[in-house]
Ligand SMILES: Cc1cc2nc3c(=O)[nH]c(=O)nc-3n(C[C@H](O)[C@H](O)[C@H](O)COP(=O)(O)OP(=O)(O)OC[C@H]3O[C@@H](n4cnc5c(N)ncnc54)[C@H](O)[C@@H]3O)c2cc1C
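Encoded as structure tokens, the following chain is the form predicted alone, with no partner shown.
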């Protein structure tokens, strides 16, 4: 380590990517520091408790679970992995969505994806593959809201297909909370500073200087894992400027996904682990899990325009909207049996301001541009840096591991140095 540096490696951002980097660098005899602007570990992974129940305000599913690194980490830490099928492809009792309509909607979306593959629009704009006048275009937009956090007009075809080709159908849950798992995965012995926003990274001299409200931190290497929203806005600036990174981040904006939780009275009379889409003919509708993992609550999931709408109307309005949609499907009696518990508002969350990234049309290559290291001293990680697992916690984990390995290679350049372990 340079004698003027306080730390060998500073990791900026304590979300899934930052934890992955920390796990890879731990036990190497390096002086490490993990800093985050928030007052907690986890970033966009955030579990909270309602009494004995853990719920996730952010990422909640182990997507592509059979190859998701968090599944093995969770089991190693004693967390309970629930492998039950979330049932997203079927409507409970066909309520408000007759079986024939479900088949037609599913076929229309499958045909849309097939057109993206076989004859992608020259614009690289996913919406341009919709059939004009199709009765299921709103359904496709609702799915895009859940998958991408935004409308299809804002989605790169190349980017969407990269994710689609890599993803599997295995979607598991962590009973104690995905966010709780990610927080518990931080290795012991690593220094952590929370509530400590890094506002400038000055890499113009032999030692990198990170400016914070609490003073300057000096580092030999830095791994940056903050959301693209923070990079694009300049809330975290670089000196000398890294305009190409800021432009890449702006081309990979965060979509929006939010949740609303409702407690269920007399849970024995409500089915467990079933799914409902509120209105399959609207792009602004909720996706509801009834009593997931047997918990006495409803988890409402909103994406894109619907998520922006529930943030505008606030928690009380969001709960009322969800109850209205559920009453239209389950009957008016359900109104008196659902009590608002709370939810998320990621767009309004300082230092995050969104949910997960999508590439704008024509901008899929910006993921590699964002992930490229700077002078082998500054390294980038996070879900937006993943070529095909973006928008997921395991994509963030894998990029954090890769960035840490790259940084480690510059600190321990000997070819005889053992590779970092897969922790």
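Keep in mind that what you see is a predicted model, and the values were worked out from it rather than measured. Positions refer to the first chain, counted from 1.
The discussion below concerns the form predicted together with the named molecule, not included here.
Each of 12, 17 and 383 comes within 4.5 Å of the named molecule in the predicted bound form, counting any heavy atom.
Only one segment in the set 25-33, 385-393, 359-367, 47-55 has any non-hydrogen atom within 4.5 angstroms of the named molecule in the predicted bound form, and it is 385-393. Note on contacts: among 92, 321, 351, 109, the single residue with a heavy atom within 4.5 Å of the named molecule in the predicted bound form is 351. The contact with the named molecule in the predicted bound form, taken as any heavy atom within 4.5 Å, belongs to 346 out of 261, 346, 160, 288. Although the partner is absent here, residue 197 is a contact residue: one of its heavy atoms lies within 4.5 angstroms of the named molecule in the predicted bound form. Using a 4.5 angstroms limit between non-hydrogen atoms, residue 37 touches the named molecule in the predicted bound form. Using a 4.5 angstroms limit between non-hydrogen atoms, residue 126 is distant from the named molecule in the predicted bound form. Residue contact check for residue 136: none of its heavy atoms lie within 4.5 Å of the named molecule in the predicted bound form.
Contacts of stretch 222-241 with the named molecule in the predicted bound form, defined by any heavy atom lying within 4.5 Å, are made by 225, 226, 227, 230, 236, listed in sequence order.
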